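Form predicted on its own, single chain, as structure tokens, below.
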């Protein structure tokens, strides 16, 4: 029997992608692909281009150079109708959940189903209950968002993110502001849902220790560039000083405390520049 040599198309691929805000370069000639049906964490300090990465995937931003591919097709070259269709295959968990404050838990999860499908109300009701059950909050369907704890709100947001059965879910800082128990609950749900649904997940996160326990692949960014990638074990053992400083949370290292500036003496007028 002849084995197939066809290589699976990565669901997300960056090909020589750069992006700038004016003269400020955020992403610098990045070429990477994300393994399908796995959980990938994108690590890096603030301002290293992590959230910009997600916005490029979602088509909210267009690269100044290169292409961002989703399932083999360039996101930044799509017509709006095609981009809209591609977005229906993506789920997004925003930082802090971004729930609609004037809607109940049930209506928050039902929103994408009502907005993007023509399903009958009875079927939408059943689907919402299924999604809430998956995150352990079926009994909270009638609650308002103001009645939810931070961890519960994040779980409702996760139920909403999987409402349309996406092939890709992107998480923007999913553990921010959560206590240790809620963090573990969300991490466990991300891992279980990824496995059960057979989807691809991308986490932009600062929470290194929790993330390394659940992800399959890691990408580390610094200064808009990919400075390392590999399995959690490979990242832990990296000899790159920037990666080691970030993973271990060390104060001293190649990443400085101070933003680039003139010397302190020049700023105070004690000395002249140059």
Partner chain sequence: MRANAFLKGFVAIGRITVDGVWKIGAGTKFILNVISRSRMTFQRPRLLIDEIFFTGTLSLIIIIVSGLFVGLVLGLQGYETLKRYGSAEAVGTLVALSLVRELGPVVAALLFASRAGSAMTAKIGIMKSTEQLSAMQMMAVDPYARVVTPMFWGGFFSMPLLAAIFSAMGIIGGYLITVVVIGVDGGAFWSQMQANVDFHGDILNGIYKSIVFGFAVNTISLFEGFDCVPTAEGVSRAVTRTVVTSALAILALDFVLTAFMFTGV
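Residue numbers count along the first chain shown, from 1. Model, not experiment: these values are computed from the prediction.
There is another form of this protein, the form predicted together with its partner chain, and it is not shown here; the text below is about that form.
- Across the proposed site, 167, 221 and 228 without exception lack any heavy atom within 4.5 Å of its partner chain in the model of the complex.
- Not displayed here, its partner chain is kept clear of residue 192 by more than 4.5 Å at the level of heavy atoms in the model of the complex.
- Using a 4.5 angstroms threshold between heavy atoms, residue 87 counts as touching its partner chain in the model of the complex.
- Under a 4.5 angstroms non-hydrogen atom cutoff, its partner chain in the model of the complex lacks residue 45 among its neighbouring residues.
- In the model of the complex, residue 35 stays away from its partner chain, with no heavy atom inside 4.5 Å.
- Remark: of stretches 119 to 127, 105 to 113, 173 to 181, 195 to 203, the one touching its partner chain in the model of the complex is 105 to 113 (heavy atom within 4.5 Å).
- Between its partner chain and the residues 55, 244, 28, 217, the one pair within 4.5 Å by heavy atoms in the model of the complex involves 55.
- For the candidate set 185, 140, 78, 92, a heavy atom within 4.5 Å of its partner chain in the model of the complex is found for exactly one residue, namely 92.
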